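Only one chain comes next, encoded as structure tokens, the form predicted on its own.
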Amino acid sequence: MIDSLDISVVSWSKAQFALTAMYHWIFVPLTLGLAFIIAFMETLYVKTGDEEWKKITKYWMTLFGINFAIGIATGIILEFEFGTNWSNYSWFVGDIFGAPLAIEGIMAFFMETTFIAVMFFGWNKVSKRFHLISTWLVAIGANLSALWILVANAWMQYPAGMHFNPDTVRNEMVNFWEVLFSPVAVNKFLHTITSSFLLASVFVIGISAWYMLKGRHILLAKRSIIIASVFGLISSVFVGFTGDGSAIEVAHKQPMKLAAMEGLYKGSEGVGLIAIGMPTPGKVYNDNKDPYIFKIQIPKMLSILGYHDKDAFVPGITDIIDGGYTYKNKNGEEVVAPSTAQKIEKGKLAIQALADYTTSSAEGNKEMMAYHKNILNENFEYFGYGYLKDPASTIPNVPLVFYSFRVMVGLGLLFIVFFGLILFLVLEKNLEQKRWLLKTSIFMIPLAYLASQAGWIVAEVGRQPWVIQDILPTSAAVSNIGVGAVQVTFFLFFIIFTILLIAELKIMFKQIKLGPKEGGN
């Protein structure tokens, strides 16, 4: 099947999914973070009875509503693409991947959309406390939606709590809690939502800073900046902690991604982290070129981040391809890493054993079924490698992952300083005099979006060529459709998403220029 598949279908399907996901992620983080900021503001209104807090809450709620409405469209299209472009994947993992998405749709999204009506239209129609509860439930529901989506994504990065059934040729869930609470899922959820909180905080501060520069709505701006800077500072510090946890999971479960993040070709003990560097263009894993044109690194830091051991061995791309180094497996045992070529052979054995099992099942030969099933089980952890022809195909786009990682981390550190400085100055009542910082705050908004997108590039490009780590590559996951259909929908979606983005920006800018309605009603 794979040999006859037009490779351009794979490339265009990947491009279409990446396009949809990146546009979708423009809208999502603002929704996740702004919902909680609004809830905090309304809580202060209910506790103090200050009508100014009600006006502030309603203003940010308007911007939240604009973003929420437009973001839904891209999310719906994204989920449909699993069936249209990735039907082999959907069949192979539907029993597992579908469960979190079903919970997201039935519970979280239902709760979110039910109470959003009360949140927007229930002012003066329900009690203050019930309206506040509705606002908090919208915020919780939005983040629960993210939870189930991220659990599904984390399972693709680290398939846990599952068993492959050769009779149905499907992966089946055997332990829901292992899927939900896998260390990859926990870290991914916490890291993603806190980075979204950070982005929303920057958004609120930037717009509030614009009002201060214009001399408009000063009280709204100052109060909004206090809430957002506190929320943002806490979130940005937590992003760092969850990023540390994510680095450990990547080091143990996706070593090729970690190597790509650092442009590390030859591993060693006590590896440093490159703070600033430039990978050599055209570098191939088995050539003699220096991996970097230049680099400035922090000694031993990569070993510390990946293994919490300054002298730990960190495998590079060449080590992972060639194998032979030792590492700890899932049971904590020291084992020798097989080469990628050996993994490919084991994958081919697994695929052939599945085919032979199916044949024996059709013939009713239970003895041979058991024999082939045993071979399949012994080699299943490398099942996906059987679809690969070249060990080098397991190497992701190193320069893209390398630079994206540095953009994400560098901006993350910048945001910690930014929130701390803004909070200090607004509390000291000196912020209005720092016009340079107010102007900088506006330009921090696109930087927050850049950091957010860079994080997803690291996560998703870094795990290529895998749709499911080690079990299913993209080449085996796509639908058997014509490349022309994918190309047409790619450009169609590009036009639609761009129009939606332009529409959102125009509506947002118009609403920001208008400012909040006078009065709290």
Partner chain sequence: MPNNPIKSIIQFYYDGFKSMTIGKTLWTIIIIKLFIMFFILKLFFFPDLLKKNFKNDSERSRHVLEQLTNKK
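Positions refer to the first chain, counted from 1. For clarity, every value in this text was computed on a predicted model and none was experimentally measured.
Separately, the form predicted together with the partner chain exists; it is not shown, and the next lines address it.
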property	result
One stretch from 450-458, 475-483, 43-51, 29-37 that, in the predicted complex, holds residues within 4.5 Å of the partner chain by heavy atom	475-483
The partner chain in the predicted complex reached by all of 278, 403 and 465, non-hydrogen atom within 4.5 Å	no
4.5 Å heavy atom contact, residue 410 to the partner chain in the predicted complex	no
Contact label in the predicted complex: residue 136 to the partner chain, heavy atom within 4.5 Å	no
4.5 angstroms heavy atom contact with the partner chain in the predicted complex for residue 69	yes
is_contact(residue 489, the partner chain) in the predicted complex, heavy atom dist at most 4.5 Å	yes
195, 246, 74, 394 - the one with a heavy atom within 4.5 Å of the partner chain in the predicted complex	74
Single option in 298, 234, 370, 117 placed near the partner chain in the predicted complex, where near means a heavy atom within 4.5 Å	117
Partner contacts for 412-443, taking the partner chain in the predicted complex and a 4.5 Å heavy atom cut-off	none
